[in-house]
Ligand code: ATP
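Given next, in structure tokens, is a single chain: the form predicted alone.
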């Protein structure tokens, strides 16, 4: 066993599944991403198993156990062990891909090589068994060590079969900081329009991983035509000169740099991808020849609404993105009263996200020294931390009185009662009133005109 193969530590339950299949006279291996990740020193999330046993034979081997008929038509049975699912899939070859996404049918086979030959990339086409070692007929381990994404066999065929593989190639290159092999690269640039045939939710599943990859800026810059095929709202930003001393890069390059600069959280990375999408549409040039994009925030938000709806982004992420895109460059300083107002408007979590967004935006502009940007960022975070240590009142929930208190003091329930509470909160935030029940009730009674 090689040193690299020694890195493949199969969980006990997965090993037992292999052993049961082999004891029944079949061959079986862990395969795909779990082998790739293990050889890279990454703890796999899932352990998939492939076998020469046909689906009904697999069911017979695990009769009496908790199994799920995940996709028997395509040869997959899920075996549950200690609440952990293990997908067991029969070796197969695929039929025609007339929809450029799914095979019209599959043929079950007994030969591992046939199964590995239908897979997408060499780094995903390796199988392993503790007794027989690594099966790597297409040089996946070599490509893994060299940092290369290469299609198995003919790249044109692989992408014609399944257009999703195009974005998957970019995703793996971004996540692992790999380069894309020349033939695979050429096929991506030829076949990327077929991404229109891929379901939007599948695009988003891959896109969010791509955006959170460590090589995201390089991939965004290398494949703008692919990115804008999936998100056409970004197409006008490519090569768009901002004509301002405050930006050293085109709108698209600024966007790519800002995506890289923000923490690798899908909502934040998607925010930066879309935050300036409205600039070309709002662009004007003043008498001095300086470019401006007044009102681009609202246009960018409208574009973000379309993108997140089309990609079927989950509601929580969508709300975060839309809020941050709209407010990405609102005034924010270390001043206590302003931070309190922003806390009132956005809450602590969203305000901290906004600080991250504005840091990334500033780092991606170019002219400002990164050291200065980081200094401002740290000071702003510290100012917010110090303010929160005071446990300040910045919401009606933290106000020392509520509607019931005001009604108990004789103020009738009405829209005016809510307005009084808002006015009390504003006075407390500005330091005009202490956040004390007695003082607030006295002021409330005066404001009610009683």
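Just so it is clear, the model here is predicted, and its values are computed rather than measured. Positions refer to the first chain, counted from 1.
This next part talks about the form predicted in complex with ligand ATP, which is not shown.
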query	finding
Ligand ATP: the contacting residue among 341, 247, 292, 168 in the model of the complex [heavy atom, 4.5 Å]	168
Ligand ATP: the contacting residue among 76, 208, 297, 124 in the model of the complex [heavy atom, 4.5 Å]	124
Partner-proximal stretch of 384-392, 421-429, 44-52, 399-407 relative to ligand ATP in the model of the complex, 4.5 angstroms, heavy atom	44-52
Distance check, residue 159 to ligand ATP in the model of the complex, heavy atom within 4.5 Å	no
Residue 361 within 4.5 Å of ligand ATP in the model of the complex, heavy atoms	no
Partner contact for residue 37 in the model of the complex: ligand ATP, 4.5 angstroms, heavy atom	yes
Residue 86: touches ligand ATP in the model of the complex, heavy atom cutoff 4.5 angstroms	no
Residues of 338-362 having any heavy atom within 4.5 Å of ligand ATP in the model of the complex, listed in sequence order	none
